[in-house]
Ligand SMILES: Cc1cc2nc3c(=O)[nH]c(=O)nc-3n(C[C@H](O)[C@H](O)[C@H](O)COP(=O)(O)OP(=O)(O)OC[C@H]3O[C@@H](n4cnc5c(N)ncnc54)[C@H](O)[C@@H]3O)c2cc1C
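What follows is one chain in structure tokens, specifically the form predicted on its own.
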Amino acid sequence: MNRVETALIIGGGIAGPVTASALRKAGIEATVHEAYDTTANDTDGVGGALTIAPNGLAALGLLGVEEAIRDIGQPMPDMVFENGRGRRLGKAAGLPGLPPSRTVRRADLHRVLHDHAVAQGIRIEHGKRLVGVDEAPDGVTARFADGTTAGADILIGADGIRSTVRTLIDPAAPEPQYVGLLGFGVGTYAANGAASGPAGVMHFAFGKRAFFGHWTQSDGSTALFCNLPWPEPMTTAEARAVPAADWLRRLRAAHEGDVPAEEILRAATPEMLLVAGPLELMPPLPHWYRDRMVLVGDSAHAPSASSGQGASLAIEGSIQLARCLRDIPDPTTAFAAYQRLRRPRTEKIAADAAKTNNSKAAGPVAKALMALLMPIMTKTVMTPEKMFGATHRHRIDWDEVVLP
């Protein structure tokens, strides 16, 4: 069978441009088709921050993008665990021999990855919302809502947790699962009076009624995120339809007495509030691929945001998919090898994140017990190496040949 030479990539967020760049490195021409009319920026609802862990940085290094991410990201080598009153329960320092994780604005990350792909000559087409796929023995044709079509040897779904490609591969695939928490951010782009200590330390705090995190940014401002327990499932659109002033009142009530969340929220205005929406995860999928279609990133294995690994896993998967297509001529066999390489790792990380979600939504008794046990746990079962070693030290050998 002839080797794959062309690919259609559906989705221009994180996994899409990275997959296109990795395929270019593997000698495969790819075109990215993005449903929205422009690349994401701070004004179109794709705001907030995310973390690129050392394993994600290493994968980007294979494509020559690592330095650009370092330039836009704030290094975050250390983590501190606290109760809602600001009392330290434990600390996890960065792993020896590894660069620190980088906290980046999502919009900045999208821009850097987009610009890197375009600089390599990769075509990114906007306003291309996928509505269907026509399959043939030797290729696929994508049909878009604007009436246009595009063809290639294979089609890659990098279209996120609500993937259209996933439903085409398997109409019975499970839906994303709501984990019982809504995400909010505030202060990310504005200075305020609530100091979080030196820059580069991420504080994770178990408040009285909700979980929150805070850190000092390089400009001296304090950034805050909140995970608010919310029993009823709610879509991002539904959450954003609620007036920001209403959410701010709820968050102030939930974090009354919490340090420094109470002070930050008291000074915040509705305009400063980012409504990220529900925290969700993808249950394990029966099928990552079918015939000449395959999934990458959140469309295949979205862990909860609590993992801190969503972007890094998507980047890793993009690299591994390109390696498999480079070395295995038959696309279905290449997809099977890719799934074999990725599934155990992504499912383990997702399962660990699900446990973290449970602790965030814990009641007062469980939180009190956690406060008692945390100082012991961070010195025994929760040492940095035990918590993050296998995840953060993972490296992909680009030059190693992938076997069927």
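For every residue, the number given is its place in the sequence shown, counted from 1. Computed from a prediction, not measured in an experiment: that's the story for all the values here.
Here the subject shifts to the form predicted together with the ligand, a form of this protein not shown in this document.
ask   = Since the chain is shown here on its own, which stretch among 326-334, 172-180, 124-132, 285-293 would lie within 4.5 Å of the ligand in the predicted complex, judged by heavy atoms?
value = So the stretch in question is 124-132.
query = Taking A35, R106 and L279 together, does each of them reach the ligand in the predicted complex with some heavy atom inside 4.5 Å?
reply = Each of the three qualifies.
query = Considering the ligand in the predicted complex, which of P100, P260, G160, G73 comes within 4.5 Å of it through any heavy atom?
reply = Partner contact (heavy atom, 4.5 Å) among the options: G160.
query = Of T164, Q320, N83, S221, which residue is found within 4.5 angstroms of the ligand in the predicted complex when only non-hydrogen atoms are counted?
reply = The option sitting close enough to the partner is T164.
key: Partner contact for I14 in the predicted complex: the ligand, 4.5 angstroms, heavy atom   = Taking the distances in the predicted complex, the answer for I14 is yes, it comes within 4.5 Å of the ligand.
inquiry  = Using a 4.5 angstroms cut-off on non-hydrogen atoms, would I10 count as touching the ligand in the predicted complex?
reply    = I10: yes, in contact with the ligand in the predicted complex.
key: Exercise: E316 in contact with the ligand in the predicted complex, heavy atom 4.5 Å   = Heavy-atom contact with the ligand at 4.5 Å: absent for E316.
task = Using a 4.5 Å heavy atom cut-off, state whether A311 contacts the ligand in the predicted complex.
result = A311 belongs to the contact set for the ligand.
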